[in-house]
Ligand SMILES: Cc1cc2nc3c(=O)[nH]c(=O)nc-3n(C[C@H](O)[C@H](O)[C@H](O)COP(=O)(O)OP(=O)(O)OC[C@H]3O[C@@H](n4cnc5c(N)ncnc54)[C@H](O)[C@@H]3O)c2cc1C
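Only one chain comes next, encoded as C-alpha coordinates, the form predicted alone.
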Amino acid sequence: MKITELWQSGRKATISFELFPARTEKAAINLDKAIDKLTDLEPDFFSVTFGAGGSTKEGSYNLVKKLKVGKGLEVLPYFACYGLGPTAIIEVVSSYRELGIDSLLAVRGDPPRDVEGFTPHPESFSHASDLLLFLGSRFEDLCLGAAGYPEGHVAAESRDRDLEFLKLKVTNGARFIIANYSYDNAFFFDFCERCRQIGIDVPIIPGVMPIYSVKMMETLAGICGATITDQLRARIATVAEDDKAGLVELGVELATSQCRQLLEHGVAGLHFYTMDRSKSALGIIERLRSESLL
(Lines give C-alpha, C1' and ligand atoms only; values in the text may rest on other atoms or scores of the structure.)
Protein backbone atom coordinates (compact mmCIF):
# COMPACT_ATOMS: atom_id res chain seq x y z
CA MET A 1 0.00 0.00 0.00
CA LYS A 2 1.24 3.46 -0.86
CA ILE A 3 1.59 5.63 2.25
CA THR A 4 -0.38 8.46 0.66
CA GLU A 5 -3.48 6.24 0.57
CA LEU A 6 -3.63 6.54 4.37
CA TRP A 7 -4.22 10.28 4.09
CA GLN A 8 -6.87 9.97 1.40
CA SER A 9 -9.25 7.82 3.42
CA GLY A 10 -10.84 10.60 5.48
CA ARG A 11 -10.14 8.69 8.70
CA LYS A 12 -8.62 10.05 11.90
CA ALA A 13 -5.01 11.15 11.91
CA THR A 14 -2.41 8.45 11.39
CA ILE A 15 0.26 7.56 13.91
CA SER A 16 3.71 6.32 12.95
CA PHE A 17 6.96 5.55 14.72
CA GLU A 18 10.54 6.03 13.56
CA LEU A 19 13.10 3.36 14.41
CA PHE A 20 16.79 3.00 13.66
CA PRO A 21 18.86 -0.20 13.38
CA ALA A 22 20.44 -1.44 16.58
CA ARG A 23 24.25 -1.45 16.63
CA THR A 24 24.86 -3.72 19.62
CA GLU A 25 23.36 -6.96 20.90
CA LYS A 26 21.94 -5.21 23.96
CA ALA A 27 20.40 -2.48 21.79
CA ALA A 28 18.87 -5.15 19.55
CA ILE A 29 17.19 -6.82 22.52
CA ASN A 30 15.80 -3.49 23.72
CA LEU A 31 14.64 -2.63 20.20
CA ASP A 32 12.73 -5.89 19.87
CA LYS A 33 10.94 -5.15 23.15
CA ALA A 34 10.11 -1.63 21.98
CA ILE A 35 8.77 -2.92 18.65
CA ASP A 36 6.44 -5.35 20.43
CA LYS A 37 5.04 -2.61 22.66
CA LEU A 38 4.71 -0.08 19.84
CA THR A 39 3.03 -2.66 17.62
CA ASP A 40 0.37 -3.14 20.30
CA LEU A 41 -0.64 0.49 19.62
CA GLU A 42 -1.57 -0.54 16.06
CA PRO A 43 0.32 2.24 14.29
CA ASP A 44 -0.36 2.95 10.64
CA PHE A 45 3.30 2.49 9.76
CA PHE A 46 6.85 2.36 11.03
CA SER A 47 9.74 4.19 9.44
CA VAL A 48 13.32 2.90 9.42
CA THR A 49 16.30 5.20 9.10
CA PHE A 50 19.27 4.69 6.78
CA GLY A 51 22.75 5.63 7.97
CA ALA A 52 24.85 8.23 6.22
CA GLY A 53 26.95 6.85 3.38
CA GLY A 54 25.20 3.50 3.65
CA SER A 55 26.71 2.89 7.10
CA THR A 56 23.61 0.98 8.27
CA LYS A 57 22.63 -0.49 4.89
CA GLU A 58 22.52 -4.09 6.13
CA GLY A 59 20.99 -3.22 9.49
CA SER A 60 18.33 -1.03 7.88
CA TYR A 61 17.42 -3.74 5.39
CA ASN A 62 17.17 -6.39 8.10
CA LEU A 63 14.96 -4.18 10.26
CA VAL A 64 12.68 -3.34 7.33
CA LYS A 65 12.45 -7.05 6.52
CA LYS A 66 11.66 -7.97 10.14
CA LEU A 67 8.84 -5.42 10.29
CA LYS A 68 7.42 -5.90 6.78
CA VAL A 69 7.89 -9.62 6.16
CA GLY A 70 8.26 -11.01 9.66
CA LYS A 71 5.47 -9.02 11.31
CA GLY A 72 3.32 -7.95 8.36
CA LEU A 73 3.55 -4.25 9.28
CA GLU A 74 3.47 -1.24 6.97
CA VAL A 75 6.97 0.21 6.64
CA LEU A 76 8.33 3.44 5.22
CA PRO A 77 12.10 3.05 4.78
CA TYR A 78 14.29 6.12 4.67
CA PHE A 79 16.97 6.18 2.01
CA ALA A 80 19.91 8.58 2.30
CA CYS A 81 21.88 8.93 -0.91
CA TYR A 82 24.92 10.82 0.34
CA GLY A 83 28.15 9.24 -0.89
CA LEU A 84 26.47 6.44 -2.86
CA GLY A 85 26.67 5.99 -6.61
CA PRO A 86 23.75 5.18 -8.95
CA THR A 87 24.40 1.44 -8.96
CA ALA A 88 24.39 1.19 -5.16
CA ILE A 89 21.22 3.29 -4.97
CA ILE A 90 19.40 1.03 -7.41
CA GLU A 91 20.57 -2.09 -5.55
CA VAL A 92 19.29 -0.85 -2.19
CA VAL A 93 15.94 0.39 -3.45
CA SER A 94 15.43 -2.77 -5.53
CA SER A 95 16.05 -4.89 -2.44
CA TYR A 96 13.30 -2.95 -0.63
CA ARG A 97 10.92 -3.36 -3.54
CA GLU A 98 11.50 -7.13 -3.40
CA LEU A 99 10.26 -7.04 0.20
CA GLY A 100 7.00 -5.45 -0.95
CA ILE A 101 7.89 -1.87 -0.05
CA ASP A 102 5.70 0.60 -1.97
CA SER A 103 6.81 3.89 -0.35
CA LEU A 104 10.17 5.45 0.42
CA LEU A 105 11.37 8.64 2.11
CA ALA A 106 14.18 10.02 -0.05
CA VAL A 107 16.73 12.20 1.76
CA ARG A 108 20.25 13.37 1.01
CA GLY A 109 21.68 12.45 4.39
CA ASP A 110 24.80 13.85 6.01
CA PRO A 111 28.45 12.81 5.75
CA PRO A 112 29.23 9.79 7.96
CA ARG A 113 30.58 10.83 11.35
CA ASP A 114 31.94 7.47 12.43
CA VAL A 115 33.26 5.92 9.20
CA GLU A 116 36.98 6.54 8.94
CA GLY A 117 38.34 7.25 5.47
CA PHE A 118 34.92 7.40 3.80
CA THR A 119 35.12 8.70 0.22
CA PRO A 120 31.89 9.68 -1.54
CA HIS A 121 31.23 8.11 -4.93
CA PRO A 122 32.03 10.66 -7.68
CA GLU A 123 28.48 10.35 -9.02
CA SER A 124 26.83 10.75 -5.63
CA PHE A 125 23.88 13.16 -5.61
CA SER A 126 24.28 16.51 -3.88
CA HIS A 127 20.59 17.04 -3.11
CA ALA A 128 17.51 14.97 -2.27
CA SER A 129 15.76 16.64 -5.22
CA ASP A 130 18.27 14.92 -7.55
CA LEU A 131 17.66 11.58 -5.83
CA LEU A 132 13.89 11.97 -6.23
CA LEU A 133 14.22 12.62 -9.94
CA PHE A 134 16.55 9.63 -10.33
CA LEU A 135 14.29 7.25 -8.39
CA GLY A 136 11.13 8.45 -10.09
CA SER A 137 12.55 7.65 -13.52
CA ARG A 138 13.54 4.12 -12.51
CA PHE A 139 10.86 3.08 -10.01
CA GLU A 140 7.74 4.64 -11.49
CA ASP A 141 5.31 2.84 -9.15
CA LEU A 142 7.19 3.78 -5.97
CA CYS A 143 5.53 6.42 -3.76
CA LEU A 144 8.25 8.86 -2.80
CA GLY A 145 8.35 11.32 0.06
CA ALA A 146 10.73 14.03 1.25
CA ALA A 147 11.90 15.55 4.51
CA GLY A 148 10.86 19.07 5.46
CA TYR A 149 12.38 21.45 8.00
CA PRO A 150 9.98 23.85 9.73
CA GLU A 151 12.85 25.89 11.13
CA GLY A 152 15.00 25.48 8.03
CA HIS A 153 17.74 22.94 7.36
CA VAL A 154 20.86 23.69 9.38
CA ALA A 155 22.91 23.95 6.16
CA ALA A 156 20.43 26.20 4.32
CA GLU A 157 21.43 29.76 3.55
CA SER A 158 17.93 30.91 4.53
CA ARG A 159 14.52 29.52 5.32
CA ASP A 160 13.17 30.89 2.04
CA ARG A 161 15.92 29.16 0.08
CA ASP A 162 15.28 25.95 1.99
CA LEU A 163 11.61 26.16 1.05
CA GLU A 164 12.54 26.60 -2.61
CA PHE A 165 14.47 23.33 -2.42
CA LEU A 166 11.48 21.65 -0.79
CA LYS A 167 9.24 22.78 -3.63
CA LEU A 168 11.78 21.35 -6.07
CA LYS A 169 11.58 18.04 -4.21
CA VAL A 170 7.82 18.03 -4.76
CA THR A 171 8.24 19.02 -8.41
CA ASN A 172 10.69 16.13 -8.79
CA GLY A 173 8.31 13.55 -7.39
CA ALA A 174 7.78 13.84 -3.62
CA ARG A 175 4.15 12.99 -2.84
CA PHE A 176 4.30 13.69 0.90
CA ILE A 177 6.52 15.41 3.44
CA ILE A 178 7.64 14.17 6.84
CA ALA A 179 8.62 17.23 8.87
CA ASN A 180 11.44 17.50 11.33
CA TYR A 181 10.26 18.06 14.88
CA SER A 182 9.84 21.43 16.58
CA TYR A 183 9.19 21.94 20.28
CA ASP A 184 6.92 24.88 19.48
CA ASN A 185 4.05 24.17 17.07
CA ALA A 186 4.17 27.78 15.86
CA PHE A 187 7.17 26.79 13.73
CA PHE A 188 5.22 23.96 12.11
CA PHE A 189 2.08 25.99 11.47
CA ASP A 190 4.10 28.81 9.91
CA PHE A 191 5.99 26.26 7.81
CA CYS A 192 2.76 24.74 6.47
CA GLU A 193 1.35 28.17 5.63
CA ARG A 194 4.50 29.13 3.77
CA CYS A 195 4.46 25.81 1.91
CA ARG A 196 0.88 26.32 0.75
CA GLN A 197 1.63 29.88 -0.32
CA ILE A 198 4.25 28.71 -2.82
CA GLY A 199 2.17 25.83 -4.16
CA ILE A 200 3.33 22.86 -2.09
CA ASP A 201 0.06 20.97 -1.72
CA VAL A 202 1.11 17.45 -0.65
CA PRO A 203 0.39 16.06 2.84
CA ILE A 204 2.76 17.41 5.51
CA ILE A 205 3.12 15.20 8.58
CA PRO A 206 4.63 16.82 11.71
CA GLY A 207 7.42 15.09 13.56
CA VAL A 208 7.11 14.78 17.34
CA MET A 209 10.14 14.34 19.61
CA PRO A 210 9.36 13.73 23.28
CA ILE A 211 12.04 14.73 25.79
CA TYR A 212 14.00 11.65 26.84
CA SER A 213 16.94 13.35 28.57
CA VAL A 214 18.38 16.85 28.65
CA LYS A 215 21.63 15.69 27.06
CA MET A 216 19.84 13.99 24.18
CA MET A 217 17.57 16.99 23.70
CA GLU A 218 20.51 19.39 23.51
CA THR A 219 22.52 17.14 21.18
CA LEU A 220 19.73 16.41 18.72
CA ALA A 221 18.48 19.99 18.68
CA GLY A 222 21.98 21.14 17.82
CA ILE A 223 22.24 18.64 14.97
CA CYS A 224 18.86 19.30 13.39
CA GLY A 225 18.31 22.95 14.26
CA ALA A 226 15.27 22.65 16.54
CA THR A 227 14.81 25.60 18.87
CA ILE A 228 14.73 24.86 22.60
CA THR A 229 12.53 27.72 23.73
CA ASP A 230 12.93 29.65 26.97
CA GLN A 231 9.51 28.37 28.01
CA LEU A 232 10.63 24.77 27.52
CA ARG A 233 13.82 25.34 29.48
CA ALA A 234 11.79 26.86 32.31
CA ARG A 235 9.56 23.77 32.48
CA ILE A 236 12.56 21.46 32.51
CA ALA A 237 14.07 23.50 35.35
CA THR A 238 11.12 22.48 37.54
CA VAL A 239 12.34 18.87 37.51
CA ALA A 240 15.27 17.85 39.70
CA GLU A 241 18.43 17.12 37.71
CA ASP A 242 18.61 13.53 38.98
CA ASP A 243 14.90 12.79 38.44
CA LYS A 244 15.11 10.90 35.15
CA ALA A 245 11.61 9.44 35.46
CA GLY A 246 10.19 12.85 36.26
CA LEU A 247 11.79 14.34 33.16
CA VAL A 248 10.41 11.59 30.93
CA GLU A 249 6.96 12.15 32.42
CA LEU A 250 7.27 15.87 31.75
CA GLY A 251 8.26 15.01 28.20
CA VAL A 252 5.12 12.92 27.80
CA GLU A 253 2.98 15.73 29.22
CA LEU A 254 4.48 18.35 26.92
CA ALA A 255 4.38 16.16 23.81
CA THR A 256 0.77 15.19 24.52
CA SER A 257 -0.17 18.86 24.73
CA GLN A 258 1.70 19.54 21.52
CA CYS A 259 -0.02 16.64 19.73
CA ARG A 260 -3.41 17.76 21.02
CA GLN A 261 -2.90 21.17 19.44
CA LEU A 262 -1.66 19.65 16.18
CA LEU A 263 -4.70 17.38 15.97
CA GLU A 264 -7.06 20.27 16.72
CA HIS A 265 -5.49 22.03 13.71
CA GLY A 266 -6.36 19.04 11.53
CA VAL A 267 -2.97 17.47 10.78
CA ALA A 268 -3.17 14.29 8.74
CA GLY A 269 -0.89 12.35 11.06
CA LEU A 270 1.70 12.36 13.83
CA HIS A 271 5.18 10.92 13.28
CA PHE A 272 7.02 10.05 16.49
CA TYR A 273 10.80 9.96 16.76
CA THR A 274 11.00 7.13 19.29
CA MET A 275 14.79 6.78 19.63
CA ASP A 276 14.01 3.04 19.73
CA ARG A 277 12.04 3.45 22.96
CA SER A 278 8.38 2.82 23.70
CA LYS A 279 7.43 4.25 27.11
CA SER A 280 6.89 7.85 26.03
CA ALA A 281 4.99 6.95 22.88
CA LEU A 282 2.74 4.62 24.85
CA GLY A 283 1.92 7.35 27.35
CA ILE A 284 1.20 9.95 24.68
CA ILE A 285 -0.97 7.74 22.47
CA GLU A 286 -2.95 6.37 25.40
CA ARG A 287 -3.76 9.88 26.63
CA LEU A 288 -4.77 11.10 23.18
CA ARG A 289 -6.98 8.08 22.62
CA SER A 290 -8.60 8.49 26.01
CA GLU A 291 -9.68 11.95 24.76
CA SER A 292 -10.95 10.41 21.49
CA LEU A 293 -8.44 12.47 19.52
CA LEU A 294 -7.02 9.40 17.79
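Nothing here was measured: the structure is a model prediction, and the numbers come from that model. For every residue, the number given is its place in the sequence shown, counted from 1.
Not pictured, yet referred to below: the form predicted in complex with this ligand.
You can rule out all but one of 196-204, 93-101, 183-191, 126-134: in the model of the complex, only 126-134 has residues with a heavy atom within 4.5 Å of this ligand. Although the partner is absent here, residue 216 is not a contact residue: none of its heavy atoms lies within 4.5 angstroms of this ligand in the model of the complex. At least one heavy atom of residue 49 is located within 4.5 Å of this ligand in the model of the complex. At a distance threshold of 4.5 angstroms between non-hydrogen atoms, residue 107 is in contact with this ligand in the model of the complex. Residue contact check for residue 178: one or more of its heavy atoms lie within 4.5 Å of this ligand in the model of the complex.
Among 75, 144, 209, 80, the residue placing a heavy atom within 4.5 Å of this ligand in the model of the complex is 80. Shown here without its partner, the chain carries 7, 255 and 272, none of which come within 4.5 Å of this ligand in the model of the complex through any heavy atom. Scanning 152-171 for heavy atoms within 4.5 Å of this ligand in the model of the complex gives 153, 155, 156, 162, 165, 168, 169 in sequence order.
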